[in-house]
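To begin, one chain is listed below as C-alpha cells, in the form predicted on its own.
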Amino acid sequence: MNFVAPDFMPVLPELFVLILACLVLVIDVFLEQQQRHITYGLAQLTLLGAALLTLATYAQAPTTTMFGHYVKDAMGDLLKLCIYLASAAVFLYSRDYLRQRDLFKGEYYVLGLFGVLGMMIMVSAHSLLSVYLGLELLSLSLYALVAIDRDSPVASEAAMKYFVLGSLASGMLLYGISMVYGATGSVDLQVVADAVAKQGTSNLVLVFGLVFLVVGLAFKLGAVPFHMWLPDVYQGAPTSVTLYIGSAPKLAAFALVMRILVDGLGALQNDWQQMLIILSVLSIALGNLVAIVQSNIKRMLAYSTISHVGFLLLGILAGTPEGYSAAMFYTVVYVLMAVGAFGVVLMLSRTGFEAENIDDFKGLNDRNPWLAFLMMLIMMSMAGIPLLVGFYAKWVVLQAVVDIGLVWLAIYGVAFSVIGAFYYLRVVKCIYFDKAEQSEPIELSRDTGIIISANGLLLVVLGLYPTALMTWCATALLN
C-alpha cells in the first residue's frame, strides 16, 4: 500500500503558528527579564505572519486535506483572521498590566499562541477527531493561563474550578463523539452527515450522542445551566487572562457549533433546535438578571457574556443561512466589544491595584475623558443602543428568529435586552455622574491608545455601515 502525502498548502498558517510558538518557547529561555519584550514582539509577528498566510491562501472553494480531518473554507479563513486580530489586541493590552505585576513572562505569550493554534484547528475541523484535538489544545492552554499568577490563591482556585468543570465538559463531548461514531461508523463530518440523513432519529444511540454533544458544547460556550464555571473564572483569573478567555475563544466556539451541529448533524435540526431554544431562553434570562446585582465588573461582564451567548444561539437555532450569518456577525461584534471592555478594565488597573469593581469607574471622565468616552461607547453597544453595532447585531439575530415564525422568542429577547440595558448604563452613570474615588491620571502608551481608540470607534463605524461585514459573513458561509 502506497502512502500518499496530504496537501500541506491549506494548513500553512497552522504549521507556521506551531513552529513559531515552539521557537518563541526556546528563545524565551535564553532571555533576561529586561529583554522579555522580544518574546512579545515575536508573538505579535507570529500572528501577523499567520494572517498574511491566511490571506494569501484565502479559500475560494472548500478544500479538504489531512485525510479528511481538515477543511479550508471561507468561513474558517474569516474566523481565523478575526482570531488573529483579537489575539493581537489582547497581547498589546496585556503588556503593561503583566509588566507591572511581574507576570511579563514568555509563558503567557507561548500559551496564548498555542491557544490560537487550538482555535485554528477547531475552526477548520472536518472530523470529530480534529474537533476534539483543537478543543483540548485550547482548553489546556487556558487552564495554565488562569493559574499563571502562582502567588494568587484566587487565581489558583479559579484554575482548579475551570479544570474540573472543563474536564467534565470534555468528557461529555467525547462520550457524545463516541456514540456518534458508533452509530455512523465514521468521525468524518461529511460521512456522519450522510449517515445521519439516512438514519434520522430511528437510531437511539445517535439521539443520545446528540444530547451529549449539545451538553458539551453548552459547557464550552457557558450557556445556562452549564455556566457555573464562567463567572468564577472571569473574576478569579488575572484580568489579562480574562481578556483572552472572553474574546477570541468565542469565535472558535461558534465554529465548533457550526461544524458539529450544522455540518455534521444538520439532518437532526428539529431535535437540536428544541435544545438550543431552551439554552438560549435560560441564558438570556439568567445572564441579564444576575448581572444587575453584580458589583464586580469582571463578574458582571461574565453574566453579560452568558446573555450574549443566548443571543448567539438564537441565530443558530433559526437553522437558515440568514440565521447562521447573523450568528457569525453577532459573534465577531461581541468579540470586538469584549476586547474593548476588558481592555479598559486593564488600563484602569495599576501596580498594586485591580480595577475590578464598578465603583472603580467613578469619575473616569475627570481622569481620562477619552477613555471614558470609549468605555461609554462599548457599554452602550453591548446594551444594543441604536446607531452602534451592538444594536444591529441583535436586530439581525432577532429578524432570523422572526423569519422562522418564533415571534415570541424575538419579543422575549427584546424584553430582556431592555432589562439588561440597566447594568450597562449603570457603568456609564458611574463614569460621568459620580465623584472620582481615585485621583491619579490614567496614562496609556501610544500604541495602546491608538488601538483602544480604533477598537471603540469601530463600534460606531460598523453600527452606521454594517453591510460590508454582514455581507462578508454571509458570503463566507455560502462558500
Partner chain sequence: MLSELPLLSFVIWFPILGGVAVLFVGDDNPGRAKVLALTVAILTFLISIPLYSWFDPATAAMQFQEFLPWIPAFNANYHLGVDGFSMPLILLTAFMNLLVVIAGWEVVQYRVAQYMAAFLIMAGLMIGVFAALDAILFYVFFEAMLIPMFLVIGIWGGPRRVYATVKFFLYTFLGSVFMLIALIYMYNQANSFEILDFHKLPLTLTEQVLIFFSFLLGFGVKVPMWPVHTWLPDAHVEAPTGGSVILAAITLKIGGYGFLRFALPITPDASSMLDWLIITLSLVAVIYISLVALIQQDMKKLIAYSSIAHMGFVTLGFFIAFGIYRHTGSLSGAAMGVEGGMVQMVSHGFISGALFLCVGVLYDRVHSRLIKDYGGVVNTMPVFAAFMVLFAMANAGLPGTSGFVGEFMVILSSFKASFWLAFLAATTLMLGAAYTLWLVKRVVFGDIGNSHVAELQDVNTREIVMLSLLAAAVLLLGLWPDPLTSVMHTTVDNLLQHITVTKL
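These figures come from a predicted structure and were not determined experimentally. Numbering follows the first chain given and starts at 1.
Beyond the structure shown, there is the form predicted together with the partner chain, which is absent from this document and is the topic of what follows.
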query: The unique member of 396, 267, 215, 82 whose heavy atoms fall within 4.5 Å of the partner chain in the model of the complex; finding: 396
query: Residue (of 200, 182, 369, 171) lying close to the partner chain in the model of the complex, criterion heavy atoms within 4.5 Å; finding: 369
query: Non-hydrogen atom within 4.5 Å of the partner chain in the model of the complex for each of 27, 46 and 55; finding: no
query: The partner chain contact at residue 417 in the model of the complex, heavy atom, 4.5 Å; finding: yes
query: 4.5 Å heavy atom contact, residue 141 and the partner chain in the model of the complex; finding: no
query: Contact flag, residue 432 vs the partner chain in the model of the complex, heavy atom cut 4.5 Å; finding: yes
query: In the model of the complex, residue 12 touching the partner chain (heavy atom, 4.5 Å); finding: no
query: Which of 408-416, 442-450, 37-45, 64-72 lines the interface with the partner chain in the model of the complex (heavy atom within 4.5 Å); finding: 408-416
query: Stretch 385-410: residues contacting the partner chain in the model of the complex, 4.5 Å heavy atom cut-off; finding: 385, 386, 387, 388, 391, 392, 395, 396, 398, 399, 402, 403, 407, 410
